[in-house]
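Here you get one chain, nothing else, as structure tokens; it is the form predicted alone.
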């Protein structure tokens, strides 16, 4: 009661830290302290993950590699959402990239170091062409089409028995070792994150964000929004297809399971937990949810219940996302001020 009376005439105010205000523009840096303030949140996670991956047991190394691929899917989903294209079918990009890489390796004998980048490009082009007719759809209508397409491809492969049918293609080439897989996965994740963040903060990215906020206003500026949407699909799809191609060679197998709903739902959940629209939040969410899912695997059916409860706690307790919360705490401090 006393606390309520004490704060009745006051309100909580958030203020940028002085070092944040001074170092917000890189040209204003004038001390090592400010440089470390900027580099800390960027360098520490990279170094921590590399050290963790190198000292972790083999099983958890593979879990981290799988987590990195889900992080790529989440980042690609977040970029599409930032352009106003909410996708419920990231499994489309993942599965097409996986099959392209498997086909190039199995039927044409190309090595993994060549099939993975080729599958990223070819898979992205194929998926973009498939989605071109529905670029004019918005909201739930576009989302429903992206959800249906991977299910349709799954049924086509099952009915026609092409590319191994329900048995899939096994015995594919693999990367030299798990350590190499881990290093390549980490490089891909951090390159995608920093590259996409730079892209979305450029003039080109501002146009993409403008399409989401008010596409009619962007069109009134004589900008072809459908061309920009197709380009966003191509860019984001290349990262998702890369994830599928990489996982194909990590497991040395490709089949119908690459179109599973897990590859569509987990990226959305990761973005929701980490913070939609931040890209870094999607990566953070993936590195929380995927290892957590593995830790709960021994609980059987109870795992899904605990997993769902934790998702609800995250989304209700921090609707802005974990990344926004951490960013605010790092860049601002709070104080009580008198209400005049």
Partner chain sequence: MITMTIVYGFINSAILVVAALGFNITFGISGVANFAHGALYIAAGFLTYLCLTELHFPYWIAAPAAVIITGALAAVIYRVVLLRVRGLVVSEVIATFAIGLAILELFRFLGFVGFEFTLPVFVDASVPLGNTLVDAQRLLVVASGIVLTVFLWLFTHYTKTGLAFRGIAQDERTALTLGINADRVAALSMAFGGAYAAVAALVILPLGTIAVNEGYDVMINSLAVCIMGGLGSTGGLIAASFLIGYGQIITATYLGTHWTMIVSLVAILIILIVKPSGLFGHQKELEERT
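Positions refer to the first chain, counted from 1. Just so we're clear, the structure is a prediction, and the values are computed from it rather than from any experiment. Note that the rigid core is defined as the largest set of C-alphas that superpose within 1.5 Å between two forms.
This next part talks about the form predicted in complex with its partner chain, which is not shown.
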Note: its partner chain not shown here; in the predicted complex, the stretch from 67-75, 246-254, 109-117, 142-150 having heavy atoms within 4.5 Å of it is 142-150
Judged by heavy atoms and a 4.5 Å cut-off, are 60, 179 and 193 together in contact with its partner chain in the predicted complex?
no
Exactly one of 299, 35, 50, 56 comes within 4.5 Å of its partner chain in the predicted complex through a heavy atom, and that residue is 299
In this chain shown alone, the residue from 199, 121, 265, 260 with a heavy atom within 4.5 Å of its partner chain in the predicted complex is 265
_in the predicted complex, is there a heavy atom of its partner chain that lies within 4.5 Å of any heavy atom of residue 292, even though the partner is absent here?_
no
Though only this chain appears here, would residue 311 touch its partner chain in the predicted complex if you measure heavy atom gaps against 4.5 Å?
yes
key: Exercise: residue 226 in contact with its partner chain in the predicted complex, heavy atom 4.5 Å   = yes
With the cut-off set at 4.5 Å between non-hydrogen atoms, does residue 156 touch its partner chain in the predicted complex? yes
Near its partner chain in the predicted complex, with a heavy atom at 4.5 Å or closer, the residues from 182-218 are 215
### Query
After superposition on the rigid core, does the Cα atom of residue 326 shift by at least 2 Å between the shown form and the other one?
no
Output row for the residue 314-residue 52 CA distance, |change| of 3 angstroms or more in the predicted complex, reads farther
With a difference of at least 3 Å, the CA distance of residue 315 and residue 86 in the predicted complex shows the atoms closer
